[in-house]
Ligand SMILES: NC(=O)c1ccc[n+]([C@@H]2O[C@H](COP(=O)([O-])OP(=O)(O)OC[C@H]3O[C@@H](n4cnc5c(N)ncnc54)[C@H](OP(=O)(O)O)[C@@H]3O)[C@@H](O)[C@H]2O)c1
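In structure tokens, one chain follows: the form predicted on its own.
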Amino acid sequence: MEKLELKNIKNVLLLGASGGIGGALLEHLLTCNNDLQVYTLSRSPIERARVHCLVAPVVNEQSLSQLMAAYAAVKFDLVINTIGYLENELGGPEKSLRDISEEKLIEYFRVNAILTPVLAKMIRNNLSSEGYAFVCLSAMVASMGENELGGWYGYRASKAALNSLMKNISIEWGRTNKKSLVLAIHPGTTQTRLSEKFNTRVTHKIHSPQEAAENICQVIFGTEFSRSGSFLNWDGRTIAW
């Protein structure tokens, strides 16, 4: 069965390239393929050979529109969205219903769920007809089938919504291109700024950003096009919805 091959891709769009996992993915992809070009949307400038960076302090529909206008002539073989929200000035994950606020729930859904289909709408005509992968980082806690602890209402629900949206995208795109691979991937617990506050409480393995990047790429380039629409763990295991 056919898969996307890293050695054959030419253009990558990477959102969140200044983050922990995003930055590691950038370096890993450039190292593994000396011919590819990486186009990024980042909060801070990235000055590196073969990297084209559009700086945007906030990622929203306007900045995504600017991104696509800047790279309108490019055909992408791989799109990875690493942007996610776990904690900011509005607070962190809710421990119980007492901690829920409308404002924070809206922000969880805006960043973790809504941006991805907005990007998909804008980028559809810029995807390679020869085959492509459209990937976002989801989270194990989005799985309703594996939720035994509760809590984290906004983060869980927004990532579950993201999974549902990715499944929809995979169905629509699969009708016109059988070489489309749409995946939601759980990168594993990773030592980054986004999660470092919570990593002291876990008992399972914590990955370095470099390990996470390698695992994500192994999943992307090891998954057949026929499995488009899947929710996968960092080791390739299918996660229950």
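Counting begins at 1, following the sequence as shown. Keep in mind it's a predicted model, so treat the numbers as computed, not measured.
Absent from the display: the form predicted together with the ligand. The rest refers to it.
**Student:** Name the stretch, out of 120 to 128, 67 to 75, 167 to 175, 135 to 143, where some heavy atom lies within 4.5 Å of the ligand in the model of the complex.
**Tutor:** Result for this chain: 135 to 143.
**Student:** Given that the partner is absent here, does Val59 sit within 4.5 Å of the ligand in the model of the complex, heavy atoms only?
**Tutor:** Yes, Val59 lies within 4.5 Å of the ligand in the model of the complex.
**Student:** At the 4.5 Å heavy atom threshold, is Arg43 in contact with the ligand in the model of the complex?
**Tutor:** Contact check for Arg43: yes, within 4.5 Å of the ligand in the model of the complex.
**Student:** Would you check, heavy atoms only and a 4.5 Å threshold, whether Tyr85 touches the ligand in the model of the complex?
**Tutor:** So Tyr85 counts as contacting the ligand.
**Student:** With the cut-off set at 4.5 Å between non-hydrogen atoms, does Tyr108 touch the ligand in the model of the complex?
**Tutor:** Residue-level check for Tyr108: no, no contact with the ligand.
**Student:** Check each of Asn33, Gln37, Gln210, Thr189 and return the one that places a heavy atom within 4.5 angstroms of the ligand in the model of the complex.
**Tutor:** After the contact test, the surviving option is Thr189.
**Student:** Since the partner is left out here, which residues of 143 to 157 would have a heavy atom within 4.5 Å of the ligand in the model of the complex?
**Tutor:** Contacting residue: only Tyr155.
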